[in-house]
Ligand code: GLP
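Quick setup: one chain, the form predicted on its own, written in structure tokens, and binding and motion questions come after.
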Amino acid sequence: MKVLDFSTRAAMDEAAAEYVASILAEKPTAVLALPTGETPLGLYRRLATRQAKGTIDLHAARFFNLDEFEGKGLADPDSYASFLMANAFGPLAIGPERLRLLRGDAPDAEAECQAYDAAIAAAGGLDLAILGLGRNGHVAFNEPGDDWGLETHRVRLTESTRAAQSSLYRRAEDVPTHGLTMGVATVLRARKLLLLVCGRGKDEALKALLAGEADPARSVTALVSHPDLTVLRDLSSVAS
């Protein structure tokens, strides 16, 4: 595990962009898994700026998303897919042929999850999974107590996770109760992991990871077993 600390959010975002740029320089056709939420927005803006300047090119890369709300289709404005289109794929001008996103409105969630893992395998596996950290210690939608042996699967969201997503909806009760997520087993198969940590209330989960001991109550600690994990931490925002 490599941990890099930054005194500002801007510095962390720039380091994250440089990390992704290094992956693309080595392999322009890299397969990437992207997160949603506020944490990666600075990274996405910097990647778009670099692409506009011609210093990076993501058009040959392939993209997957980490998770999605159950019941939300790709065109649903409240879906994670829509979030990524607005904040990442749209600004980066990534064509639909380079995307395979989870379909939260699939009529058979189990079949969709199996097809998703099959699509990742067909793409050659993930070269990089970019992750955020939930306040309860989850990565993607892998909630406390979830089976780390699972691949992509349906999960019931905790109330704390639903509360953290409430800004995406007009009413808190509209936040879906379930989601589809890459499982810990799927995430750990990525050749490289980049964990971005910013925002208050996450210091205890981060301490658990840095302690280096797997804790079933915090799925982020499953990452300690990964051979190529880089953690970028914005010290200005992680305190409780």
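Residue positions are given as counts along the sequence shown, with the first one as 1. Keep in mind that what you see is a predicted model, and the values were worked out from it rather than measured.
What comes next is about the form predicted together with this ligand, which is not displayed.
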**Q.** Distance check, G37 to this ligand in the model of the complex, heavy atom within 4.5 Å
**A.** yes
Q.
Can you work out whether G132 and this ligand are in contact in the model of the complex, taking contact to mean some heavy atom pair no more than 4.5 Å apart?
A. yes
Q | Contact of N87 with this ligand in the model of the complex (heavy atom, 4.5 Å) | A | no
Q.
Residue-level question: is A140 within 4.5 Å of this ligand in the model of the complex, judged on heavy atoms?
A. yes
Q) Pick from 70-78, 140-148, 96-104, 115-123: which stretch has non-hydrogen atoms within 4.5 Å of this ligand in the model of the complex? A) 140-148
Q) Can you name the residues of 178-207 that have a heavy atom within 4.5 Å of this ligand in the model of the complex? A) K202
